[in-house]
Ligand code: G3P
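Just one chain follows, in the form predicted on its own, and it is written as structure tokens.
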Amino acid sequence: MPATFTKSALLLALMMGLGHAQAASPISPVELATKDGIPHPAVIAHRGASFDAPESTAAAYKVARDLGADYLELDLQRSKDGVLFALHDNNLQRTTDVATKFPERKDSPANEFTWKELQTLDAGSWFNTAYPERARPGFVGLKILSLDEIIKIAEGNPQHKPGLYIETKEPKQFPGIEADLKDKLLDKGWLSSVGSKLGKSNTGVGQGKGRVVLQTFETASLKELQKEMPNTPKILLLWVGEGSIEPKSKVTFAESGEPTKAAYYAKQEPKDAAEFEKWVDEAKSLGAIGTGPSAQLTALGDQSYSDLVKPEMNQLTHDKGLLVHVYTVDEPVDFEKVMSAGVDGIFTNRAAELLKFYKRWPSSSVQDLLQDNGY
């Protein structure tokens, strides 16, 4: 056999082998995030800077924005007269003075109130009572925010314009909220590649596809979001329990004998590996670009749930071409734990601490930013 033929054959074999290797290698998480215009790793300010100020209020969102968080996260609801607004709970008792203003309706869902009624409520004073060490007179009288107002806040700092990370909250209560959200985002210029409202000087997330991320626990809502906004990144939130991943144990909290729900959730895990994989596959099939799993926290507590960010779980999700944004992590020991396990972004109430962990040093302290914003 001539030497030249041998070299050619060898070169061809090497090229073919290289091609197969490239085809077999999944796209890296960083490349996945870049493709969708999402920072990696992403700092997702959970209800704003909600450790430092009343959740989902102007104080929390302005501080998160000015710290440099990548996203302002919110739970979307709709008032009785059709206004889209941010509130986590189904009713208003925990975070407002509804029991004083509307005592006979204090247990009613928030969506049974008109926007005018919602605007009479104090959504800040509860924080001063719950967290006296972080209380500020400027929190008294803070209002529930409409989506319009949160968009204005996101656009309000010329040096940093965060994106919006929006959850359809209890979407069964709000038929058509996905279409309403699309209409609002279109109207505000937040679904185009480069929104005229945001401008080219933006130094935050608000350029391109990743300026808005949509999230939900509900597969039915994910389908609607995909239908209404097919080009906007979406996340399927995951947890172990009813409506999501089937648990290995059927024992309820009441039956478990555990002293706290955190201790109970810490022991919950998927029925098996196939059950977890089924939900990752479901997320991808419905158009999601990633999952939002729960985490078990080192100190447990109210935010600690099933550990769905074990390294093998994250690897499986990455191998399927999806990102992992974990909720809700506030302490450096847990930042280190979940990042080492391979997550791509973190929902946090303590945006300042997560930014410091990533060595993205905020230009001002939380206290200075609260003061600068009038709180």
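Please read all numbers here as calculations on a predicted model, not as lab measurements. Note that residue numbering follows the sequence shown and begins at 1.
Heads up, the form predicted together with SN-glycerol-3-phosphate isn't pictured, but that's what we're talking about next.
Interface residue among 143, 106, 88, 267, judged by heavy atoms within 4.5 Å of SN-glycerol-3-phosphate in the model of the complex: 88. For the residues 170, 167, 228, 155, the 4.5 Å heavy atom test against SN-glycerol-3-phosphate in the model of the complex is passed only by 167. The candidate spot formed by 71, 212 and 234 lies out of contact with SN-glycerol-3-phosphate in the model of the complex, as no residue has a heavy atom within 4.5 Å of it. In short, of 73 to 81, 116 to 124, 257 to 265, 181 to 189 it is 73 to 81 that has heavy atoms within 4.5 Å of SN-glycerol-3-phosphate in the model of the complex. Taking the partner from the other structure, SN-glycerol-3-phosphate in the model of the complex has a heavy atom within 4.5 Å of a heavy atom of residue 47.
Contact annotation for residue 174: none of its heavy atoms lies within 4.5 Å of SN-glycerol-3-phosphate in the model of the complex.
Contact between residue 327 and SN-glycerol-3-phosphate in the model of the complex is found at the 4.5 Å heavy atom cutoff.
Under a 4.5 angstroms non-hydrogen atom cutoff, SN-glycerol-3-phosphate in the model of the complex has residue 347 among its neighbouring residues.
Along 119 to 137, not one residue places a heavy atom within 4.5 Å of SN-glycerol-3-phosphate in the model of the complex.
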